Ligand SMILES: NC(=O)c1ccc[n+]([C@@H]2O[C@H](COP(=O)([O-])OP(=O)(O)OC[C@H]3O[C@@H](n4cnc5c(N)ncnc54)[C@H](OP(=O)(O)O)[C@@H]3O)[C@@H](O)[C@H]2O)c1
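One chain is shown next in C-alpha cells, namely the form predicted alone.
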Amino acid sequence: MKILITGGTGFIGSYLLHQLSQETHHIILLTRSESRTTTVNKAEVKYVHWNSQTTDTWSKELDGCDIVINLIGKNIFEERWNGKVKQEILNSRITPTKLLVEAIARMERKPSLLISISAVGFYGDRNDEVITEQSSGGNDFLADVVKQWEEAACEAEQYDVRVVTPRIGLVLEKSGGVIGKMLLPFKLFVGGPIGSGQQFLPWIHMDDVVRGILYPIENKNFHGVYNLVSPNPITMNEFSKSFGNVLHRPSWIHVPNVALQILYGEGSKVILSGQRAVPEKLLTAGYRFSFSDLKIALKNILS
C-alpha cells in the first residue's frame, strides 16, 4: 500500500513506522527535515520536506495514496502555557489538518481512509464518571481544541474518504511521555502521585496505540471516533503504587498542585484532571488488547 504519514518522526510516529515497515509498503513521511528516500526493514520510505502552512511542496505526494495517517500536533506539555503557546497548540493541529483535507479534495485518486489522531482531552475533567464514545465533550481549552481538530478531519468525508479519529489516552512507553518524566524521580526514591492522586488515568501501552491506530485498515466497517485507551483505567494513586512496585521503589511523595502550576501554568489543569474513559467501540468490534493490565504493561516497558 501507499501510505502517507504526517508527524511520523514523533513519539508515536516512530513506533508506527517501525510496525508498518515490517511489510512491503511505500511510505511517505512528511517532515521538516530534508527530503530523502531510504529502506526501513521491508518498506521503502520517502521523507518529504513539508511546510504545514501551505500545500505547495508536498500535496502531489497524496495522489494515489491508499491511506493517510495524520499524527501532527505540538506537544501540549512542551512549554508553560500562555496565550502564545495555547495558540500554537491549536494552530499546530487545526491548520495542517485543514490543509491535508484541502489537498485530498484536489486529488484525482483520493485515499480510501484518513486516520487522524485525537485525544481523550475531548471529554474534559470528568472525575470518576465512566466515559464512552457516546459521552459529551468538555468545555475547557483542550476540549475545544480537540473538537475543532476532529471537525477539520471529518471534512474529508464529503469527498468519500472514510475518516476515523482515535481519541488517544496517556501513552506508556519508556522513551517518552509520562514514563519518561516519572522514571528519574522514582529511581531517586522521590517518586509519587501527581496532585490529589484521585484523578483517573486513561492509560495505554504503546503497542496497543500502534495496533489501535492501524485497526481500521483491515476493519473496513470501522469509522468515526473511538477511545484508544486501556479497558482498565486507574487512579493516579494506583498508577504510582504499581510504578513503584515494578521499580522496587517507594511511591509516597506527592507532587503538589502548586509545583505543576509553576511548571505548566494553565496546562497543569490538564495534568490534574482525569477521564475514566473506556474503549467501548473497540471492544464491541472485537479488538483484543495486548496489555490491559497495568502491572504487566509496566513490567514490559521497564524490564
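Keep in mind the model is a prediction, meaning the values are calculated, not measured. All residue numbers are counted from 1 along the displayed sequence.
The same protein has a further form, the form predicted together with the ligand, not shown here; the description that follows concerns it.
Interface membership of residue 290, defined by any non-hydrogen atom within 4.5 Å of the ligand in the predicted complex, is ruled out. Contact check for residue 282: no non-hydrogen atom falls within 4.5 Å of the ligand in the predicted complex. The ligand in the predicted complex comes within 4.5 Å of no heavy atom belonging to residue 165.
Not displayed here, the ligand is kept clear of residue 114 by more than 4.5 Å at the level of heavy atoms in the predicted complex.
Residue in contact with the ligand in the predicted complex (any heavy atom within 4.5 Å), chosen from 36, 32, 42, 60: 32. Scanning 124, 73, 216, 191 against the ligand in the predicted complex with a 4.5 Å heavy atom cut-off leaves one residue, 73. Stretch 114-122 is the answer when you ask which of 219-227, 131-139, 181-189, 114-122 has residues with heavy atoms within 4.5 Å of the ligand in the predicted complex.
In sequence order, 9, 10, 11, 12, 13 are the residues of 8-24 having a heavy atom within 4.5 Å of the ligand in the predicted complex; the partner itself is omitted from this view.
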